[in-house]
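Presented below, as structure tokens, is a lone chain in the form predicted on its own.
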Amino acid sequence: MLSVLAGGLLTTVQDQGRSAWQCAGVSAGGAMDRAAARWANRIVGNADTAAVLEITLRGPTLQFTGGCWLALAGSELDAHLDAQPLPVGSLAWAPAGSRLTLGAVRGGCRSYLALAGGLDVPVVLGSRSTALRAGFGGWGGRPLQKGDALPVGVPSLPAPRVAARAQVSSWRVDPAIRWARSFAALRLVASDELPPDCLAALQAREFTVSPQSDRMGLRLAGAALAPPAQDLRLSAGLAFGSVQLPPDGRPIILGADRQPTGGYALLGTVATVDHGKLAQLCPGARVAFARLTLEEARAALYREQAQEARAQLMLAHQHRQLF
């Protein structure tokens, strides 16, 4: 069991989302930085789809009623397991009664905490993710708060030989770490309907992430773009990273809690390889766009997957050394 002593700024239960229900008008949800959530799970021996805690800007204070393996991934943050610093990407053992204090997120917007066995909250529409706007899933459909007690599933990793004291590995494995607090150049696969002059204007400008941004989308402030002419454009499906241009001419980059469809002009979609950068952008960060083709986006993704495969081999080696 995981007891919440302080909830943090915005701490929610998330997994890889419920995309199968978008056809029924349900938001996909899930972790904003899905790669970071996957790596937190891999470090503690979970399936990629296990439920984790998504920590936004400032983390919670937690206490463990039983011994548990844990790991952090994503952006760096001030983290201590009892008195020991807990680096992102390391594997740690929290004995019964120990306390995990998670402070400010540094270098990005979000970090992820995985516990061996995953958070055993109810599955709703195929996912344990919190749908904040709809108020369901996760832990009561809301962020964590003081007094919550979350169940933890059965771990696949055995307890350490000495289980009475906190332990932190000397190694770190996390290819999903991003540092994008102040600036990010996002690679965009342009929409077929985007006129060349609009694309040129988009690439020539720099935007700032507005404070009116959330998990649904990042609103960008800056010089307005002229929306392309639209003749009775029908609403169409939207993906993570879709860049819409509303009538005010200021782009919106859609996130995990996006609406399933939309009718605003579509400028393009941020390449999958840059989704981690997108998820880590904070209000006030500067954003620029660079165009790439679909083939280039695929090639960049294959390179990242190759890097992840090498990191997975390293992690498997570290697990063998431990157990």
Partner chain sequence: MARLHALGDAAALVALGDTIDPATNARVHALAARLHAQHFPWLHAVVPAYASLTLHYDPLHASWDREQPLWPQLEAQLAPLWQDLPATFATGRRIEIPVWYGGAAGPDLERVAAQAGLAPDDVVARHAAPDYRVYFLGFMPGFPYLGGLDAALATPRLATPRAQVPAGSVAIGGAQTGIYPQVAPGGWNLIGRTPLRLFDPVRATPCLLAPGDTLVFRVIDAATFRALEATSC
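Positions refer to the first chain, counted from 1. Just so it is clear, the model here is predicted, and its values are computed rather than measured.
If you look for the form predicted in complex with its partner chain, you will not find it shown, but the lines that follow are about it.
Among heavy atoms of residue 298, some come within 4.5 Å of its partner chain in the predicted bound form.
Using a 4.5 Å cutoff between non-hydrogen atoms, residue 312 does not count as a contact of its partner chain in the predicted bound form. Proximity of residue 242 to its partner chain in the predicted bound form: non-hydrogen atoms within 4.5 Å are present. Interface membership of residue 307, defined by any non-hydrogen atom within 4.5 Å of its partner chain in the predicted bound form, is ruled out. Here the chain stands by itself, but in the predicted bound form one stretch of 100 to 108, 151 to 159, 184 to 192, 83 to 91, 184 to 192, has heavy atoms within 4.5 Å of its partner chain. Note on the partner interface in the predicted bound form: the residue among 211, 147, 249, 237 having a heavy atom within 4.5 angstroms of its partner chain is 237.
Only one of the listed residues (134, 200, 226, 164) places a non-hydrogen atom within 4.5 angstroms of its partner chain in the predicted bound form, and that residue is 134.
Residues of 140 to 168 that come within 4.5 Å of its partner chain in the predicted bound form, judged by any heavy atom, do not exist; none qualify.
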